[in-house]
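Just the one chain here, laid out as C-alpha cells, in the form predicted alone.
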C-alpha cells in the first residue's frame, strides 16, 4: 500500500474537474467544489490540472504514507502537520515513508485539497475520477473515504525526480477567500423579478444557511418575488445557477447539482468566483454584483493562465 486512511474526515472524497457530457442522461457533473484550489494542488506538482485530488472537510482525515511522495495542500487552511510539524500551504512538500499527515485546526475555509505525486491508482467512471456518491461510482469505490481504506501510488519514480528545494521554488499565491461579493450574470428569468426584488438582490446581504451542501447553498435574506408565477418548464442548470424558490428565498446550485431545474433561474455566479463561494461556511454573509459575460470570461481566463504559469514553472525546474 502507499496511502492509508487512519482516521476519516467529515466527508473526504476523490474529486477532479468534473464529469461532463452525460447530463442528458441525468448524471450530474460532481467534481471539486473549489476547482481553482484543486487545479492549483496539481499545478504545484507539475501535473495535469484536472488530475484527481483528495477533497477534505474539517474535522479532517489523518493519512499514513507508507511510501515516499510529494504533496501539495491548497484551499481551506486546516493547519496541516506532517509528523507533528506544521507544513505550509500552497507549497510542494516532500513526504518520507511511514509519515503521518493530520490537520489540527480549521483556520479558514470549508474545503482543503491534497495533490499527490506520484498519482493515485484509481479507475475512471465515464472519463472522470470524481466521486458520485448518489450513483455509487467514481473516486474510491463510489463513496467517501473511511478508516482502513488504502490507495496505491502510480509511478513511484516521479516523486524521487522532484527537485529537493521544491518548497522554495514553487510557492504559489492562493485564492483571496476574504472577499464577500460574488459577481453574477443575469439568468434567463432575471426579467421576471419585480423591480423591487431586482434591487433587493443587489442591495442586500444573504446568509448561507445550515441547509447547504455539495448540491446547493440555501440562502436566507430579503424575500424576492417574480411577476410571472406560472410553472416554468424544467431546463438545464449549472454549477453557480441561482434559483428563486417558491417561498421567495434563493438557492445556489453547487458541484453536485441536479441536471435540470424548474425554478426561476435569476442569475449565475461566474466561474471565477465559484471558488470563493465554495469556501464560505454556513452563517457567512454574501452579496451579489452584476457583471457581463465579457468580464466573466476575462476573469476565468486570467485564473487559468495563472494556473498554467505555475505548472510551467514547476516543469521547467524539474
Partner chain sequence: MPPSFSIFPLGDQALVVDFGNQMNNDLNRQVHQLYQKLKSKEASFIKDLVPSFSALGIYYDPEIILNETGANETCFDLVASWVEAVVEEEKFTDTFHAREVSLPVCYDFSTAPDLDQILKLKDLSHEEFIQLHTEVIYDVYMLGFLPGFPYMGKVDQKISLPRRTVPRKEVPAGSVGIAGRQTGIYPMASPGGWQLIGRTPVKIFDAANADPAFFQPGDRVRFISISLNEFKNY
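Positions refer to the first chain, counted from 1. Predicted model only: the values in this text are computed from it and were never measured.
The form predicted in complex with its partner chain exists for this protein as well; it is not shown, and the discussion that follows is about that form.
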4.5 angstroms heavy atom contact with its partner chain in the predicted complex for residue 11
no
Residue 122, heavy atom within 4.5 angstroms of its partner chain in the predicted complex
no
At the 4.5 Å heavy atom threshold, is residue 222 in contact with its partner chain in the predicted complex?
no
Using 4.5 Å between non-hydrogen atoms, is residue 270 touching its partner chain in the predicted complex?
yes
So, a 4.5 angstroms cut-off on heavy atom distances: do all three of 4, 6 and 179 pass it with respect to its partner chain in the predicted complex?
no
When its partner chain is placed as it is in the predicted complex, which of 200 to 208, 183 to 191, 77 to 85, 91 to 99 ends up with heavy atoms within 4.5 Å of it?
183 to 191
Answer key: of 249, 284, 66, 260, within 4.5 Å of its partner chain in the predicted complex (heavy atoms) is 260
Partner-free chain; cross-checking its partner chain in the predicted complex, the single residue of 114, 237, 110, 172 with a heavy atom within 4.5 Å is 237
Using the arrangement in the predicted complex, list in sequence order the residues of 20 to 37 with any heavy atom within 4.5 angstroms of its partner chain.
20, 21, 22, 23, 24, 25, 26, 27, 28
